Structure formats: C-alpha cells, structure tokens
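Given next, in structure tokens, is a single chain: the form predicted alone.
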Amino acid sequence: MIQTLAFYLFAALVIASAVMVIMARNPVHSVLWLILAFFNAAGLMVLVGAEFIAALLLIVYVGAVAVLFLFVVMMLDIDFAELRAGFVKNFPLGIAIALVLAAELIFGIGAYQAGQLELGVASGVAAPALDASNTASIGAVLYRDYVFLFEAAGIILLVAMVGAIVLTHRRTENARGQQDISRQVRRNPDEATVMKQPEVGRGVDL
C-alpha cells in the first residue's frame, strides 16, 4: 500500500515539476523545478529497484548538469524581452516540429500494437548475479563484458577535456585571464596599489 502511495506521489510531483519547468517565466526557477523533477524521478527509480539509476540521477544530473545550468543562467545577462520576441518568432516552427514528433510517436505505437515489430528475446547471458544488488550486477557486466568500451570512452572524454583546456588557454595578444609570471615578479613597487586616505569632500589625486 505504501509503495503505491509513494509511486503516485513521486509521479505526480515529476509531472507537476516538468510542467513548471516549461511554464516558469524565470530561467532560474525553471532550473530549480528541473532539479525537483530529477529528485522525484530518482524516487521512482528506487521504487522499481533501480537504485543505481537513482544514484546517477542525483549525482550526475542534479549534482553536475542541473547545477551547471543554474550557474550559467545566473551568470548570463538574459534579456527577457528579446527572449520573448524570439519565442514568438519561432513559435510556428516549434509547433510544426512538435506535430512531427507526435505523429512519429503515434505511428510507432500503432506499429508496435499491430505486431509489426519483432523485439529481441533475452538470452539470460547478462542476467544479474545471485545474491547481488542491482549496482553490483551492473558493475560486473560493465567491467567484465564491456571493459574495453568503458576504457575507450574514458580516453575519449580525457582527450576532449585536454582539447577544451588547450583551446581555452591559447596565447593571444591582449587576452584576458592569462598571467605573465615574469612580469609580475619584476613589478616595480611604485606601480603597485597605494592606499589613499582622501579628506571629506575631496577626491583622490591620480
């Protein structure tokens, strides 16, 4: 009984949060509603016994992606008037894309119900180990059967990170965010910042 009540509670909160992500006028509020949706989706994953997916939702999506969205939105100087103008301008295109996706979804569901799709049958090779949790079973399959693909993905991410760092710290003239250590060491004390104590009603002599 309590599992059913928890399911309906989490499902209702996920749907309500997803609606508020779209309906909220403030982008910061939209990101906060998105975080709430991730939390409730993680609760649904726990109910179905997928605690590993729930942990990924909290650690990866809430702890990294959603927080990154929040910082980006807060640091950007968003012009809401221009944002609304762009929304109105692209509204017909958005409606057309939504209709195409809805038609594809209806077509796929109809084809599945008509029996036109042949789904694969589980062979039992990747069955979870006995007396092991969901996380332990996923780890066993990932590090045993797909260990080379996992390591290749890690190398690709490492190369992408190094490339992003190299592109960001390119040596250009008058570039911001780059230090000249030798120039800082050779700095003349007379060029350093000097504290001034101006009198009341007078400015600072430069």
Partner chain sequence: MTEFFQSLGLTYEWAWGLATIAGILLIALPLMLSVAMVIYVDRKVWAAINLRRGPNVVGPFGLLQSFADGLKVFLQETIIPSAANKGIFILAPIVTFTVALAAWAVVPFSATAVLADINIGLLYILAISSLSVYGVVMSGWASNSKYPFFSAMRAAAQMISYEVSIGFILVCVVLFAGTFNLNDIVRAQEGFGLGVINAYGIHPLLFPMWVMFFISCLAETQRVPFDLTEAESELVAGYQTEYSSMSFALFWLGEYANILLMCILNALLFWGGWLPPIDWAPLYYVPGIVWLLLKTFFFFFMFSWVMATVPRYRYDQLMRLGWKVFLPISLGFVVVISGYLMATGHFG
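All values reported here derive from a predicted model rather than from experimental measurement. Under this definition, the rigid core comprises the largest set of C-alpha atoms superposing within 1.5 Å between the forms. Residue numbers count along the first chain shown, from 1.
Here the subject shifts to the form predicted together with its partner chain, a form of this protein not shown in this document.
Its partner chain is not drawn, but in the model of the complex it has a heavy atom within 4.5 Å of Ala66.
Though the partner is left out of this view, Leu70 does reach within 4.5 Å of its partner chain in the model of the complex, counting heavy atoms only. In the model of the complex, at least one heavy atom of Ser133 sits within 4.5 Å of a heavy atom of its partner chain. Not displayed here, its partner chain is kept clear of Ile97 by more than 4.5 Å at the level of heavy atoms in the model of the complex. With contact defined as any non-hydrogen atom lying within 4.5 angstroms of its partner chain in the model of the complex, the contacting residues in 41 to 59 are Glu51, Phe52, Ala55, Leu58, Ile59, given in sequence order. When two forms of a protein are overlaid on their rigid core, residues whose CA moves 2 Å or more are considered shifted, and Met161 is one of them between this form and the one not shown. When the rigid core is held fixed, the Cα atom of Val185 travels 2 angstroms or more between this form and the one not shown.
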